[in-house]
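The data below hold one chain only, encoded as structure tokens and taken in the form predicted on its own.
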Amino acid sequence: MSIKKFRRWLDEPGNSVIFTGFSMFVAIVLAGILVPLFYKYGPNDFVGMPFERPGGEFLFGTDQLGRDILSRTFHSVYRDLGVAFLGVSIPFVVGTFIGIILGLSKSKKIIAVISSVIDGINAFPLLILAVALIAFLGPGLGSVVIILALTNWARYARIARTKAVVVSQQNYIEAAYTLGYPRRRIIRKHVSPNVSSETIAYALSDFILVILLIAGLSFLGLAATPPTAEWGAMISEGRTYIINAPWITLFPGAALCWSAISLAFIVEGISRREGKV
């Protein structure tokens, strides 16, 4: 793409916001890849005196145990974003599939049973469900992924079912049936792309919520646990020393906010493109 074309693209509604958010997100992902590869200190290495201020050898300072905050902050990227990706992608695939099948189903009994399950799961806030299920599964990031896979699919299924019902009533779907196309092909070629575009838009917003959920559970000691380098756990460890050593909490908190804001920009940009405002 030439510079002129890129500038014209940026001038279109929402594209500059998308570009800003995408650039921010790529920056944090690259930092999460490069720092673990090339930085001289590991996340759990005791490399200095406790509570060393940011600057000099330790750009982000050290924590209460003398561990490098910069190393721990960027080693957390693949945990928080990686777990969030799994926690969004699995429910997205499962929920979209179930929603499409439910939206096209002619069996009132199946629709009633599955819809009641979906409504029952969606009736509870995700955080409350997560805390309750962790009591059975035990704390850990793996438990968070399992919990999201077991519960969050229902939100995608509800969106997918609503969209599938609308799509199934369109003229081109009726024409495809009239021409004798197999039901499987109609679902794959015509229904799924239109439904998944709706659930993908929700998935981007859900990604933000899941990142915050993981950090919140880790803050409570229910997801990542010490000495694991994870943003929520690091914020929890640093809250005791926030008056005298605020950098312990500040830098992982800033990385968490950076990630959430970058995704929020992308979602906002997409909504502006669709609304053309």
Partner chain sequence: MNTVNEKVNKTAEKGVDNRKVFAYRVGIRFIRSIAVAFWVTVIAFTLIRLAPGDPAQARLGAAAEPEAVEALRKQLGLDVNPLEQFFNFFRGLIKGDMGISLQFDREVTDIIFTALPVTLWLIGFSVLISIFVAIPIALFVATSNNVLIAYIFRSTTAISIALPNFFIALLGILIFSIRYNWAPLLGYTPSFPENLKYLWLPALVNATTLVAILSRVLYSSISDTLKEEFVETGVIRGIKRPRFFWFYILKPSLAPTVVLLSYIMGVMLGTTIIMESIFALPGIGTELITAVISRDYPTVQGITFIFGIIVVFFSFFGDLMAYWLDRRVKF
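Note that the structure is predicted; figures quoted are calculated from it, not measured. Positions refer to the first chain, counted from 1.
Note that the form predicted in complex with its partner chain isn't included here; everything after this is about it.
Enquirer: Give a yes/no on whether S116 approaches its partner chain to within 4.5 Å in the predicted bound form, heavy atoms considered.
Expert: S116: contacts its partner chain in the predicted bound form.
Enquirer: In the predicted bound form, does I243 have a heavy atom within 4.5 Å of its partner chain?
Expert: Yes - in the predicted bound form, heavy atoms of I243 and its partner chain come within 4.5 Å of each other.
Enquirer: Do I110 and its partner chain share at least one heavy atom pair within 4.5 Å in the predicted bound form?
Expert: No, I110 sits far enough from its partner chain in the predicted bound form that none of its heavy atoms falls within 4.5 Å.
Enquirer: Is there a non-hydrogen atom of R79 within 4.5 angstroms of a non-hydrogen atom of its partner chain in the predicted bound form?
Expert: No, R79 sits far enough from its partner chain in the predicted bound form that none of its heavy atoms falls within 4.5 Å.
Enquirer: So in the predicted bound form, are I28, P36 and H75 all sitting within 4.5 Å of its partner chain, heavy atoms only?
Expert: Not a single residue of the candidate spot has a heavy atom within 4.5 Å of its partner chain in the predicted bound form.
Enquirer: By the heavy atom within 4.5 Å rule, which residue out of L137, I90, I101, L204 makes contact with its partner chain in the predicted bound form?
Expert: It is L137.
Enquirer: If we check its partner chain in the predicted bound form, which of the residues in 202 to 228 reach within 4.5 angstroms of it by a non-hydrogen atom?
Expert: Those in contact are I208, L212, A215, G216, F219, L220, L222.
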